[in-house]
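Just one chain is shown here, as structure tokens, and it is the form predicted alone.
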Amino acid sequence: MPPSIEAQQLTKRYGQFTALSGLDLNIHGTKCVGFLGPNGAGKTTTMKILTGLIRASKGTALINGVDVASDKKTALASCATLIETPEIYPSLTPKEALSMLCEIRGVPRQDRNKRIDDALARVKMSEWADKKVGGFSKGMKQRVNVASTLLSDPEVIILDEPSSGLDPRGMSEVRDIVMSLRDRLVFMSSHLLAEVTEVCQEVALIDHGKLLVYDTIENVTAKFSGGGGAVEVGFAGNVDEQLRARVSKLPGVTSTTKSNDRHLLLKYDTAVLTQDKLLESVAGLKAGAITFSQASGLEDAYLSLIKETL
């Protein structure tokens, strides 16, 4: 049977706050699926339920048809995860850290050295195998983290923003690794829409704990990108609600959505505003805008579907 991830009416409440609300999502086959949504949409909550780190208030999470809550060991036997960004003991080498994980995960002793060597080779860290992790860059540490997901030869890999906090080179390296894993089922959350467009074949988009759409990127783009223009603006500092409100009030701007802490996706009426005039207006705010780029079809679809952020 092909690998699968299923969420059936997944709901998670924290007191009066509902992080997930009846989420239904069925993913089958070997491919990479991007998991998108604004901050607080419920992405990490979903992944933590799928991997047994927290329990749902209601509903069922299944990996390869096995209920994670009732039989976690079986469900996760063929699944590897990287949730948020785990730290590695700085005094250990990659080989030592991965050897410890092999022991925890029950990898047969006679297979461990080959599994470790193969995993490090896949993430291009073989030459650093016996160097202490404490001297590594963040990107190098993340490559070792990704290598850790490969030790048990999983059918399903769940990654929570694997490129978060990395410099452009580190992001590119992790992106290449993820693309090489399409012979498995990879479920990857990200705020980087260009990255999802490049790496993934399908996308699931949630907001306020509810699934808005799950389809191929081509279908989502064709159906929801709509008319008008869309651009992404990067700022030197974090985008707060006050800045978003200022940009929203610019003439011709029809919607603004944070794609991450320092980027705003803007949709504008092309009948009212040209792109160069929009750039002048944003620069005129003197709010630290440092990049300005045409939004991709997926970004345009994202803007159409996400009406407002939490």
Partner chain sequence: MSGEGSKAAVGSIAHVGIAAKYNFLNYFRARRFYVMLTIILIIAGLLTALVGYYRPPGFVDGGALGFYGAGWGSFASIVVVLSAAFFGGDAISGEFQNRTGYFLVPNPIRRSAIYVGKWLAALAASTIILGIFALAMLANGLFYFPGSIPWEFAESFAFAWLYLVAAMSLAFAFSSLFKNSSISVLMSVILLLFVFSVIDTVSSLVAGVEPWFSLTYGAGIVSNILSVPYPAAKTVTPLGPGGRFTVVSYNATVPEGLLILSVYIVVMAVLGLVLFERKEFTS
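Residue numbers count along the first chain shown, from 1. C-alpha atoms forming the largest set that superposes within 1.5 Å between two forms make up the rigid core. Quantities reported herein were computed from a predicted structural model and do not represent experimental measurements.
If you look for the form predicted together with its partner chain, you will not find it shown, but the lines that follow are about it.
Though the partner is left out of this view, S91 does reach within 4.5 Å of its partner chain in the predicted bound form, counting heavy atoms only.
Under a 4.5 angstroms non-hydrogen atom cutoff, its partner chain in the predicted bound form lacks D117 among its neighbouring residues.
For D240, no non-hydrogen atom is located within 4.5 Å of its partner chain in the predicted bound form, even though that partner is not displayed. Contact between R55 and its partner chain in the predicted bound form is found at the 4.5 Å heavy atom cutoff.
None of 117 to 125, 68 to 76, 230 to 238, 205 to 213 except one has non-hydrogen atoms within 4.5 angstroms of its partner chain in the predicted bound form; the exception is 68 to 76. Highlighted residues T197, H263 and S293: none comes within 4.5 Å of its partner chain in the predicted bound form, counting any heavy atom. The contact residue chosen from D153, D176, D167, E218 relative to its partner chain in the predicted bound form is D153, the criterion being a non-hydrogen atom within 4.5 angstroms. Residues T30, K48, T51, G52, L53 are the ones in 20 to 53 with at least one heavy atom within 4.5 Å of its partner chain in the predicted bound form, listed in sequence order. Once both forms are overlaid on the rigid core, the distance between the two CA positions of K72 between this form and the one not shown is under 2 angstroms. Residue displacement note: Q142 has its CA displaced by at least 2 Å between this form and the one not shown (rigid core superposed). Fitting the two forms on the rigid core leaves the C-alpha of V156 displaced by under 2 angstroms between this form and the one not shown.
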